[in-house]
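The chain that follows stands alone, in the form predicted on its own, written as structure tokens.
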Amino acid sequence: MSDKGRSVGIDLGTTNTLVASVRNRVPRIVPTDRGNLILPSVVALSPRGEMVVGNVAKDQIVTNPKNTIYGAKRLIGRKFESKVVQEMRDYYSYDIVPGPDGEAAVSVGGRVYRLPEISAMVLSQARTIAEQFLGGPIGDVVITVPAYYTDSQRQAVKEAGLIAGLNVVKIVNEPTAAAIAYGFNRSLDQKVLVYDLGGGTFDVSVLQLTGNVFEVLATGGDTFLGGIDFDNRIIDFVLERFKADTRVDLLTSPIAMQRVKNASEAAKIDLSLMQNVTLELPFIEERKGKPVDLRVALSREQLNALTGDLVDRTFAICDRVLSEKGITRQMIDEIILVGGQSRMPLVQQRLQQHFGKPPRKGVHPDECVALGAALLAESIDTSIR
């Protein structure tokens, strides 16, 4: 560690942000003040007029949608007039507006914020978490971005880090960081496919690992395909069943919708371990002056039927990325899973069927990107001492 503080890696995710540091050559995730390992990448203007970050902001996504910014990673560094941003304007509840230089920005509480400012709030909270846990200021920082990010998007992320008061020494591709965590101290010679199905986006990359050299051979993705889309399929299913049973439409109740959203996400996670769950939400709404409870059963088989086409889309992207670079499935030595949605049993089952080998289990899907970034930050710090 340099005199200026402990080096850290930050995985600035679409849905969640993680911070990691290296101690005694072992990388570890830095827990938040709540004891969690993840910080939701959400910024919101609270009813009191304060900008809040993380779980406090996430709690008001449905009840205060106009003033709650999530998924900023999809927008940062893009021009407002670009096709992607214009499509996203219908996707989000908050107002996406032109920034001072023609880039996409957001309007919250009557003020326009540039996207680097929004991401800087998340990074600033991550910095506070790291400094509290590590017991002092942090030094060099490596931040990860999707492999398909343009130069302007990378510069916007670096600017966000600078606004947050971070000494950003490198912006590194997420699949490269994941591969670093996977290949740490292993002296491998392999072609590795990184399958990254996160909360908001899907990315796939193929890397050649040769000793400590990591070369990206192919990359691609979909900025509109992630865990939130799986959640939405469950939400639609639950709302439809509830309306059929009670003739009550919950779409008109923001608080009820927030409860359904939280329960749907929890049910999805539970179905990775269980075959059947029941979503139970007492007193979800009133009908003719009487409270109505929500009780909807959901099986893993039903979830697979609801979301199978989303999983199919990821493999169509995989095949396209491989074919564009003349890489066959048989040439892939290992598959690394990244992102919480990659834990879904259907995803792992289909991966084994598609590539003829199971994905590598020894790499933590949620943590490997941040851990790899921390290892890289530590190596940069060591090399310049």
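For clarity, a rigid core is taken as the largest C-alpha set superposing within 1.5 Å between two forms. Note that the structure is a prediction, hence the values are computed from the model and not measured. When you see a residue number, it is the position in the sequence shown, counting from 1.
This next part talks about the form predicted together with a small molecule, which is not shown.
Residue-level contacts in the predicted bound form: of 161, 77, 183, 227, one residue has a heavy atom within 4.5 Å of the small molecule, and it is 227. Note on contacts: among 57, 344, 351, 336, the single residue with a heavy atom within 4.5 Å of the small molecule in the predicted bound form is 344.
This chain is displayed without the small molecule, yet in the predicted bound form the stretch 197 to 205 from 252 to 260, 92 to 100, 197 to 205, 131 to 139 comes within 4.5 Å of it by heavy atoms. In the predicted bound form, the small molecule sits beyond 4.5 Å of every heavy atom of residue 40. Although the partner is absent here, residue 265 lies within 4.5 Å of the small molecule in the predicted bound form, judged by heavy atoms.
In the predicted bound form, residue 16 approaches the small molecule with a heavy atom inside 4.5 Å. Contact annotation for residue 269: at least one heavy atom lies within 4.5 Å of the small molecule in the predicted bound form.
With the core superposed, residue 263 shows a C-alpha displacement of at least 2 Å between this form and the one not shown. After superposing the rigid core, the Cα of residue 155 is displaced by less than 2 Å between this form and the one not shown.
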